[in-house]
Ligand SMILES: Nc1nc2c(c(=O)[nH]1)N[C@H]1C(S)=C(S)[C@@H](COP(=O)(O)O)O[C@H]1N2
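In the form predicted alone, a lone chain appears below as structure tokens.
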């Protein structure tokens, strides 16, 4: 391998300057052809060019050779349609999740909703109760924004005493990022004319579980919207068709799917998903409740568990970072279990409450290393170590796990999840 550049590490474990890949002249593993081999390659006709191709279709599908890039689904045995489908983060690149791979969390299956019959009701502490059909909502001014949605229970296996050994997406994959398009909620609430006592709204879905959660009006008026489109097409049934409430940066449960009703109140409804769930016992004996914001978090997606390093030399470490409080300011990567850190390159544009892809060059010579990443957001919040998170929150947690994730690379290139 002839790199032609200074490969002096910027941190222990072989981490290199994040700008290295922007330079010219890097050579990885391409085969250098002789003159005879080049002549043969120039005149060789690939099999795919010898017959006519397939006809085009009405809706494009992934290549048949990429069938392993799928969501892993688990249904709870005690209820039909109650379960999870994880996004395979370890198999994806960039920052946008394809619609067909966006994570799902269902409490009683995916409802079959006729858009011609569906309506949205706004009532309660308003001067003018309103009801909208889809045709009316589609005529309102819309906005588009990219943002992540993360289940509050994402990564909860991290609370276990022993590290789970599974692919990244089956551990951290209850988070995805899309461009959502819809009607700003404040337009509809202003039209309903809120009463002075109005402080909260209760959002309810049209699924069989009638999922309902409370949301402070301040947040609803600030940046929430009623989405009708995801990544440019109408939202798919499993992600809330025909209407989904989008609450940027806050836990997934408040992003109510199949939205049918907004009840304006002066207090939270104290529903199941904000009392018996999404409430956690703290070491002091008190409980955390209404912990809406998803704190800064990052994961190295490549390399990660399930991958294997097959050669010594130069690699690119790649991963994702996000924060419910705003933009990612920096991502640092360590190859020695957190003793030293190096800045990663952030893929632009870096957007608020959105996935940010990070990358950094890394030289591996076959030694045992522990790879980590930590996110720092624009508020100055730093992603904590697991030890710090457990010290703060105890061991009875289930939700909002955002500790640093550690991958151990063995001398044979195999990768495992460790606590470091």
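Residue numbers count along the first chain shown, from 1. Keep in mind it's a predicted model, so treat the numbers as computed, not measured.
The next section is about a form of this same protein that is not shown, the form predicted in complex with this ligand.
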(message) Looking at 98 to 106, 279 to 287, 307 to 315, 139 to 147, which stretch has residues with any non-hydrogen atom within 4.5 Å of this ligand in the model of the complex?
(response) 98 to 106
(request) Find the only residue in 211, 120, 177, 183 having a heavy atom within 4.5 Å of this ligand in the model of the complex. (result) 211
(request) Could you work out which of 239, 334, 155, 90 is the residue within 4.5 angstroms of this ligand in the model of the complex, going by heavy atoms? (result) 239
(request) Answer yes if any heavy atom of residue 200 is within 4.5 Å of a heavy atom of this ligand in the model of the complex; otherwise answer no. (result) no
(request) May I ask you to state whether residue 244 is within 4.5 Å of this ligand in the model of the complex, using heavy atom distances? (result) yes
(request) Using a 4.5 Å heavy atom cut-off, state whether residue 171 contacts this ligand in the model of the complex. (result) no
(message) Does any part of residue 341 reach within 4.5 Å of this ligand in the model of the complex? Heavy atoms only, please.
(response) no
(message) If you apply a 4.5 angstroms heavy atom cut-off, which residues in 234 to 260 are near this ligand in the model of the complex?
(response) 238, 239, 244, 252, 253, 255, 256, 257, 258
